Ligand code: IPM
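One chain is shown next in structure tokens, namely the form predicted alone.
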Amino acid sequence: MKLRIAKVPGDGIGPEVVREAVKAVNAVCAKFGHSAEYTLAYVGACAIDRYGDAYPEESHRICMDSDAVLFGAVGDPKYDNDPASKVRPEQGLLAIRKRLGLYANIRPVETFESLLYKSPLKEELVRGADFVCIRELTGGMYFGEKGRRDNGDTAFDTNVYHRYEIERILKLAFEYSGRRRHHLTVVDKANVLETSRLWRQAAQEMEASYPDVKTDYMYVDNASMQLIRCPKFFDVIVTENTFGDILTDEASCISGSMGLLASASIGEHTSLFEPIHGSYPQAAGKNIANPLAAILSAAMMFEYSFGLMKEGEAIRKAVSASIEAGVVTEDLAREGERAYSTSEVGDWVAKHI
């Protein structure tokens, strides 16, 4: 099979981790008889510097014409530290999600036995934790009307959801639960927010169509606590955009490092695959960033965009083997043991594949 991939390294450590993910993709292609064709596209601060636009039309065309998007990260301190900036790197990320119709972000959270000691939670709490967060990605407050009034002294961000936006992501979450342990948790704030009441109403109306799925409802403040108290309770979590953004970053601590968590953003057009760790500018160019989340995102790409499950599993096994062997970057290395560079970890994984 020929894989047409939009390679979007982005900012900070994005180029470094995407480079290692590409090594894994190429190793899988060589092993299973596929070929990969990459087209470079710019999104984020690098696109602003080059085009004056965080998501230029050329990048959009490349993404639309590809089978999958392999994404790094966006963000740069020179924009983060300037609240008055009219163009921001994150606008590129929001734009690519909106224009590609990527309404669902899927983030698996799992633990590795040899890394349980890295979790800030007690080992008995996190051992065996294995759940998926499904976050609505193109609606809500991030995309609602926003602005300033009263000479800039009053700011507003409008949280708007349409029923069709809610039902399509709930449908995905119910179906995903049916393929796992048949347990879905709908997270909202229905005691306060009207948008959440619509979410809960829609979910309750859809429950009867999925009788094999046990559905429960949890306010977001309670959910944030339960993720820490008993992460093994969860199987599939579905929630709106802002809550999902916060909860998935909180959930990343369970595995011991944000550098281990991959994600897939799927929807109407080309699906996008990215690590959740962000641009981490302090580490950019130092060859110390953990590439495993980006490599695991490539595994999700094989599975979701191409339906190549064995190929995705080959990457997952190689990542697990690298962790078991201690071939990891400084964020995962045991005290007194060697920390490998970004490129060394990528080379090891590719060779193992």
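One rule holds for the numbers: they count along the sequence shown, beginning at 1. Since the structure is predicted, the reported quantities are computational estimates derived from the model, not experimental observations.
Not pictured, yet referred to below: the form predicted in complex with ligand IPM.
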(message) Between 80, 245, 110, 235, only one gets a heavy atom within 4.5 angstroms of ligand IPM in the predicted complex; which residue is that?
(response) 245
(request) Note which of 170, 264, 254, 93 lies within 4.5 Å of ligand IPM in the predicted complex, where distance is taken over heavy atoms; exactly one does. (result) 93
(request) Choose from 112 to 120, 215 to 223, 185 to 193, 134 to 142 the stretch whose residues reach within 4.5 Å of ligand IPM in the predicted complex, heavy atoms counted. (result) 134 to 142
(request) Give, in sequence order, every residue of 158 to 195 that has a heavy atom within 4.5 Å of ligand IPM in the predicted complex, or say none if there are no such residues. (result) none
